[in-house]
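Read the single chain below, which is given as C-alpha cells and is the form predicted alone.
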Amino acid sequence: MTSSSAASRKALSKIACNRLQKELVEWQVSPPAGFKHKPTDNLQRWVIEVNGAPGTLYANETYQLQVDFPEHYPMEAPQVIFLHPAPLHPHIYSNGHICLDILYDSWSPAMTVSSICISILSMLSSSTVKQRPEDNDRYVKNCRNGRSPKETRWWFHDDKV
C-alpha cells in the first residue's frame, strides 16, 4: 500500500463524489477503446484493465491501473499506478509508478479518468523499446516505505516515448 492507502485517505468531498459518479456513467456508456473498468463498490479507488494497442510493442498484453481519488478531486490529481506486473517501459517503474506530467505538474481539473487512460495508452503505444527507466532500482528502493508517486519531484525531460 502507498501512503494514500484506504486507511489514511479522507472521504471524497461532495463535488468529488458527483464528478466521479458522472464520469463512471459516461464510462459505462462510452468507455475509451482498450480499457475496461473493473466494478467495485469503492468509488474512491478504480481498477482499470488496459489492453495494449494493436501494432505496438504492447499488443495483446493486458495490464491493470489503480486509480485512487483524493478528497478534492478534480481540483487535485488522482494517484495512478500500474498494479504488478507493470509494463516494461522507459517511463514506468517496476513498482508501477508512472512518470507522466499530466499526473502531477500538468494536471488540470478538466481532465477525466478517460483522458488519463488515453494519455497512458498513447505513452505505451509510442514506445520503441521495452525497458525500465535508467534509475529504476534506485527509485524503487527509495519508495520502499510506501511513498506515493505524488510525493516524488519528477523531472519531465523526455517526450520521445
Partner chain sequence: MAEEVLIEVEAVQAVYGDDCLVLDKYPPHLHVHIKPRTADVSSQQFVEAVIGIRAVSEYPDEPPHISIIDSKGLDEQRQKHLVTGIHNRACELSSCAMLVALCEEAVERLSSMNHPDGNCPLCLYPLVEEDADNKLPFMKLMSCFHCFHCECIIRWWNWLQTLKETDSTNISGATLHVSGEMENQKGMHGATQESVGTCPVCRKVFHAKDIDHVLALVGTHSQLRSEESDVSDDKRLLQSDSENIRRLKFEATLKLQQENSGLIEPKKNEVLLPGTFLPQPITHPSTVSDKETTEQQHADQVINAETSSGSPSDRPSSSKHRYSGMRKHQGRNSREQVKQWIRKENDSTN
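As the structure is a computational prediction, the values presented were derived from the model and not from experiment. Residue numbers count along the first chain shown, from 1.
Separately, the form predicted in complex with the partner chain exists; it is not shown, and the next lines address it.
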So, in the model of the complex, is residue 61 in contact with the partner chain at a 4.5 angstroms heavy atom limit?
no
At 4.5 Å between heavy atoms, is residue 53 in contact with the partner chain in the model of the complex?
no
Hey, in the model of the complex, is residue 49 touching the partner chain, heavy atoms inside 4.5 Å?
no
Does the partner chain get within 4.5 angstroms of any non-hydrogen atom of residue 129 in the model of the complex?
no
Residues in 15-51 that come within 4.5 Å of the partner chain in the model of the complex by at least one heavy atom, in order, are 15, 18, 19, 22, 23, 26
